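Heads up, what comes next is one protein chain in two forms, each shown on its own as structure tokens, labelled structure 1 and structure 2.
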Structure 1
Amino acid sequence: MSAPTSVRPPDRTALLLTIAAVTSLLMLVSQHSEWLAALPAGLQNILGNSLVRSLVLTLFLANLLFAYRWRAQTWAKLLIGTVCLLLILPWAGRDNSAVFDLAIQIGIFAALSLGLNIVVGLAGLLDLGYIAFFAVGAYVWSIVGSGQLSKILTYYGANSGGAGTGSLLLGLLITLATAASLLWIRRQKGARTRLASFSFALAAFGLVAGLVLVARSIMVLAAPQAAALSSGINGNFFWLFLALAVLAAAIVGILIGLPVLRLKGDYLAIITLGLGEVIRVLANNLTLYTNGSQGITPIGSAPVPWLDAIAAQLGFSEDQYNLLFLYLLVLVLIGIIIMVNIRLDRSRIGRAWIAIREDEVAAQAMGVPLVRTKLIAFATGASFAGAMGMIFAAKQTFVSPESFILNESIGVLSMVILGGMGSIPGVILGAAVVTILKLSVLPSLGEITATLNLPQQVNPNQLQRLIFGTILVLMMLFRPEGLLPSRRQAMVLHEGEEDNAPSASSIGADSERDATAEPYSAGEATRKDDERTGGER
């Protein structure tokens, strides 16, 4: 498979800076009411139009894509990324909170897409229940960060059932004993007998029973504090529960993955779809913990006094402090997730995922442990969703089972397919495109349609599923590798063609870095024998 001939593109530093300056100015003027009012009436009407505002916002965000794709000086790319994300967007968000809200939503869905990209794009496991992990993270914080915790403690105080300090100690003893038994059984060498398997299952059951007993005892002992927790626990525990949300989602990913990962293809998709629905139904029926279909509200967030003081000095209103904090937190988490993705993609575990995606039998013959490798993919993708679920709950201050329906899983999957499966920048682009279309462009078109007195049936905002379905069909017909595909995926899809890679002029052509990158082989060893990889030590 010969590498395509590439022509070095011209340096576009000046053009990049010019476009960034113009779109940034338009962005600020279109969102600032006083600046907009100072313009001539004609220009004021144009820039004040909701659809034009959406298009200006889209062009402004495209600066980040241009900075990534175009050949330009590194300092110019860094300058544009920093100014756009840390100056212009917060500035516009101060004048219009909807910009902050949209930016946070794009970040949340970008992180979800990166997580699903590991499961679907790298490991080739079609997961239609991915939004369940998002729900786990959201409910972990919603329950303790709201008055729902007080209701739970009040219930256990009135229905203690004799639980107390004694049952807490008993639960701890059972938990420690069964955990030690599980470790001891797992370390036994040789073929596992039926007695050993039965003992392992019995110890696992005992571990679950011990944990339940411990949790119930803690609830009963903490019941007298119910009144003091009427608005949830102290917001400073936000960071602890962010880690717990990641851990809980990863554990649920493993528990869901264990019984289904021996399946593949359509069977795996159907099973994950069903298990995703199970999580939503549980959220709907466990009324004591989730408040059922009524949902949980209000949900608190982390107090960050020093950031609030800075925001006040910069002119942000008090109700925007939390949005600014969550926006910056999403940026930090996106950066961490991208680094983890890059590290995993180039690691031994990443190559094992690709080997499984291409041919499970061959991968197993090469020594790849199928179930363990798949479980790592499920747990890693789920952990990203858990973190973003908690941020989603803190931003919305309300969660209900309706926030985690099947359509949300399909939406995240469409972002991955649209951007390019297996491509980190591609799935981020896909998430941005779908989110902007869904939350900004189509609602704006809907407003215009309403003013024209057109039938509600042709309102674009009501036809979102039709529009997204049409886009996906067109993508599969004309560009199945996605908007910004990975070189590896593009070469596979264009194998046998004279030019087996996308053209350099198209938006999906690989960047200069990708064009010179080595297309990893699934069976190829890491570059250095002592290279530390994401999944191996």
Structure 2
Amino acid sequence: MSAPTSVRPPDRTALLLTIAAVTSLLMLVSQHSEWLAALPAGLQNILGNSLVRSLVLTLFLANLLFAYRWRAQTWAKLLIGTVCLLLILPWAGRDNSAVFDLAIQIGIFAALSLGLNIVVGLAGLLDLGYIAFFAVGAYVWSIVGSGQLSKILTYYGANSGGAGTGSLLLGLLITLATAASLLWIRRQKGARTRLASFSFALAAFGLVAGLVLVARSIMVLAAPQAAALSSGINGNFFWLFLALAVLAAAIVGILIGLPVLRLKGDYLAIITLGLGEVIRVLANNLTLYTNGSQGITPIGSAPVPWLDAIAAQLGFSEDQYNLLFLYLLVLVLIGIIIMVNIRLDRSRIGRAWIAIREDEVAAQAMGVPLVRTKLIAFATGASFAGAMGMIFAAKQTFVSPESFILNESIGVLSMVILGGMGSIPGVILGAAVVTILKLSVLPSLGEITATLNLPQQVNPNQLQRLIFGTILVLMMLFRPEGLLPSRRQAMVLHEGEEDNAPSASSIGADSERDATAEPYSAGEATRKDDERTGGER
């Protein structure tokens, strides 16, 4: 901590390029069965080992972290970023689809944690039901993108309940009238009387009734199309529904947020937990729409002929076209989400979120509209989750309520906390670490322990709760600012601890060391941190 501020870290361009080249080569070889077979037996055994493979993959991804953290020439950083993401990774994915799978999952969870980061990290609202928005996005597409839609239409055709064109018109009329009166009541100035709030509630009910009637009539009117939709809607509608999924998740976010956002911290946490569970239970019980616990499958994806043609030229097998497409889509979406995040972080609304996080009462006194600002945070976070839910559905081609349990919400939360609440690169790192741990390292450890005759109960693959719990507790106790803290958060949390050293420089040194310390095993990294903080105090 006593390093003078003027010393800049050395330029590491050469080191960066070397590491990138070595790890890329190692990964390509380890994932390519023919190249692996050409190696001498000893090396082949080592590289073929599933644990070594996942470690190599981890190291390869760590390149991107190094490129981000180290001081190096800008061209080298950009080169490594582009080549790794657009060339090496798809290449390895062509040889082994599991790599694609993992990369897409990392992308999905990175986007989820970026969304939750807005809610928890910036606005300070602990949301324990975040995965519900992910579920909304997933179900929006899986219902229309699969045979489920035709089942629903068949049901409505058989149980029309007299609905038809007439009720459609009636529903539209009610919807328009109630919506107009809602707006009109809102615009009335003066004291809010009991009558006004009563008629507001009445109009809101009317609006819901009108919408239900419209939806029902549309279902009934569309019922004859059931046979034509037996394998879901045309894949080209994917893009329309991507927008719809984002919108639906945001609306659900607002609907959930409206009643509960007036509550403070821990009440909010438990209510969001509850509403998350409500959505899961509904998905489990509304069998007509979601097929209950059996889940919906197969779910279609968007057809992209030109990409398929390119993929065919490059030697991808046919079942990998969709993975490649989704991989690229995730990359693009992550890029957009990061941009949105950065813009929001530095905008007026971002400052309002931080003000609310730090002190709600003071923020309100300064003129920040509490509920509206919180709702925006909720809706923004939810919309990212909605988009990712849709990609998740298209990738898995199977969706069931099991994917949206409370543990998943807590998993995303632990990604945010591990990486550093409020820090964009931090939560991406956190998502990558936890996802690799969960989907690659733990299963391969599980494979190894299976041969060791350990009891099934301590199979690392089943220890997710233990690991998430440990991450949450240790991080909160010893390094609440996360692995890659945002500057502001770290300064707040370590206020008064280091009076002598200028805090900005010490934080810089801190995170620098982190990057080099290879924080890829969560447990190990936190233990090191623990010792360090112990020494400081």
Partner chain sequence: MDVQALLSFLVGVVVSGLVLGFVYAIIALGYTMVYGVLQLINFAHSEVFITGAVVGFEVFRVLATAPINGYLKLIIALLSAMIISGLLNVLIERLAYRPLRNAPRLVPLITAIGVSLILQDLLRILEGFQGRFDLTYTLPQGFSNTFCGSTSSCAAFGSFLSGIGVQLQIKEVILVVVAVLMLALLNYIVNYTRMGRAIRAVAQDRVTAGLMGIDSNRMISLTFLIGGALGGVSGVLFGLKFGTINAYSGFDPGIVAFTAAVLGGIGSIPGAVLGGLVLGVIQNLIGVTNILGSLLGIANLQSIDASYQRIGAFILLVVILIVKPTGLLGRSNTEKV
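Start at 1 and count along the sequence of structure 1; that gives the residue numbers used here. Think of the rigid core as the biggest set of C-alphas that the two forms share within 1.5 Å after superposition. What you see is a predicted model, and the numbers here were worked out from it, not measured in a lab.
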property	result
Structure corresponding to the form predicted together with its partner chain	2
Yes/no, residue 477 Cα shift of 2 Å or more between structures 1 and 2 with rigid core fixed	yes
